[in-house]
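Okay, so here's just one chain, in structure tokens, the form predicted on its own.
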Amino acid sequence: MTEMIKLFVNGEEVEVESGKNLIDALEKVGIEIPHFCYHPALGADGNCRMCLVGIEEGRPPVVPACKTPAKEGMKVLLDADHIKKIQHDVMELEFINHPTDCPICDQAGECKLQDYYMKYEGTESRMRVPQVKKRKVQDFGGGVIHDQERCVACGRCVRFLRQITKTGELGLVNRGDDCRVEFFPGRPINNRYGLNVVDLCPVGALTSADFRFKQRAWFLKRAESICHGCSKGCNIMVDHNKEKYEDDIIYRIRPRHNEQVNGWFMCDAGRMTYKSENDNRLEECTLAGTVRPLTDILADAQSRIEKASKALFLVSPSASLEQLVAVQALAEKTGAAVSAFSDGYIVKDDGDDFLIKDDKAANRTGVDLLSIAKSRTHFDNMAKEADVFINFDNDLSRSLSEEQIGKLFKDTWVLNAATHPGHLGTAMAGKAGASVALRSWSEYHGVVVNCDGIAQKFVGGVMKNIERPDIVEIAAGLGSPATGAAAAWALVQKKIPALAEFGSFLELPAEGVNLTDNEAGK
């Protein structure tokens, strides 16, 4: 259990965690100490001096909060006149050469310099000499654009590339007014995590070329989700906006802090997965090549399943636990076989020792916990026997060639329920007896289990103009006992006892549930 200590802030007693510096300790109880250079993942640099606080009866009487551990009985001053003057003076120094381009800056609305100006400075400039001019729109590589005039020289980007990626492409050069961040000659940012420097930048000095000038921060709605780009399951924020009469569009994906999964960061490839959520989506439901209502397609498919000598259901290793058990329950009820064959989702030697994994499936651990077969042999044997095949959003084209898929299901009636075309190959997709356009992971809620056995909830906040069903609804329409999200979650709890205490997926803690600590993960 974390040891707690008591100290005083502006004369009021507060209880905080022992061993933390003052910034982190007081942040936990809702007290903000302004800072630029400090970041929990990068440690204290102590160069911005914005976090200087007073220590009553202390020696020294003024200390940087980022480097000062909280101690029992400490008397911290945040609103004393001399502390306010320090904050005001630091802000004034930051603004001496800062351009007034907030109206066109992507960071507007999320900028610490803006926020602190309104709270700690708020006065007109006293400078009557020309500003120091620096380079603008500098391509740092890796999709990062730099504006030297906006930089506050906090050094976060430099420290990230030295401490975390250990690639060291950036450095702080020169001193005083001429201090600036530069990349080393011939060595622009070139690593798989480079865009994290955009999140780390407290101002608008580093922006994403991909997001630049696309949307204002205050228009964006945010959904707390889980990256489906690989089995690590990084916690993310999906930033999206639905303008009047238009479709809901995702504009960016950013990392969301979870210390036991991804910390503060995510890979650049994971950020770009939002593009497939927006583009090239299936939009219609068809039966025998004709657009038909979903109810007609499900009724036809249900009749075929009942008459089939053998049906085969293929599920995606990125489907949620609720979706997997809904299909599994349907298979048990109808006597069908169910497979999660997905060898093609594993890209050998693509992972690293930080966040990126070889396995590009979001819930393969969930497949294993539910004991769903996933071997190639099992899939091939079941496919040869099946006269009805239903694909539940498994991108089989990753695992098999079009020729192999066509040969397996040459004489089989096929229903392809998918988010994107091409999951069964372009040729087979055209020959499918029926197709259903599904919701994707950014549009529904659920739970996935990452490669470390941590069950995590995600919330799909994106609302498309074309309403699509998710896999639970399709399975229910085909006769699954999981008639909805609540019924599916109840089945999950029976299969995975460690989740039985949570009445709803929404009750899972924000950091997730580590299933490897109990029998469910064995």
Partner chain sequence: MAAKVKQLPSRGGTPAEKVYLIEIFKGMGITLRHFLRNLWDNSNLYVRHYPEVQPNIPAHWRGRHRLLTHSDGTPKCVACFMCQTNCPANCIMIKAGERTDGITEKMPVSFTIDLAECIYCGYCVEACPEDAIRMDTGIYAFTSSNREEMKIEMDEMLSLKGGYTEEEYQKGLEDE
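Residue numbers count along the first chain shown, from 1. Small disclaimer: the values here were computed from a predicted structure and weren't measured.
Below, we refer to the form predicted in complex with the partner chain, which is not included among the displayed structures.
Exercise. Any of the heavy atoms of residue 159 lying within 4.5 Å of the partner chain in the predicted complex?
Worked result: Output for residue 159 is no: heavy atoms all beyond 4.5 Å of the partner chain.
Exercise. Could you tell me if residue 104 has a non-hydrogen atom within 4.5 Å of the partner chain in the predicted complex?
Worked result: Answer yes; at least one heavy atom of residue 104 falls within 4.5 Å of the partner chain in the predicted complex.
For this session: Find out whether any non-hydrogen atom of residue 349 is located within 4.5 angstroms of the partner chain in the predicted complex, and reply yes or no.
Result: No, residue 349 stays farther than 4.5 Å from the partner chain in the predicted complex.
Exercise. How about residue 219: is it within 4.5 Å of the partner chain in the predicted complex, going by heavy atoms?
Worked result: Residue 219 belongs to the contact set for the partner chain.
For this session: May I ask you to choose, among 291, 137, 118, 427, the residue with a heavy atom within 4.5 Å of the partner chain in the predicted complex?
Result: Selected residue: 137.
Exercise. In the predicted complex, which of the listed residues (306, 243, 279, 411) lies with a heavy atom within 4.5 Å of the partner chain?
Worked result: Filtering the options by heavy-atom distance leaves 243.
For this session: Look at the stretches 363 to 371, 245 to 253, 378 to 386, 330 to 338 and give the one with heavy atoms within 4.5 Å of the partner chain in the predicted complex.
Result: Checking each option against the 4.5 Å cut-off leaves 245 to 253.
Problem set entry | Triple contact flag 147, 150 and 212 to the partner chain in the predicted complex, non-hydrogen atom at 4.5 angstroms | Spot residues vs the partner chain: full contact, yes.
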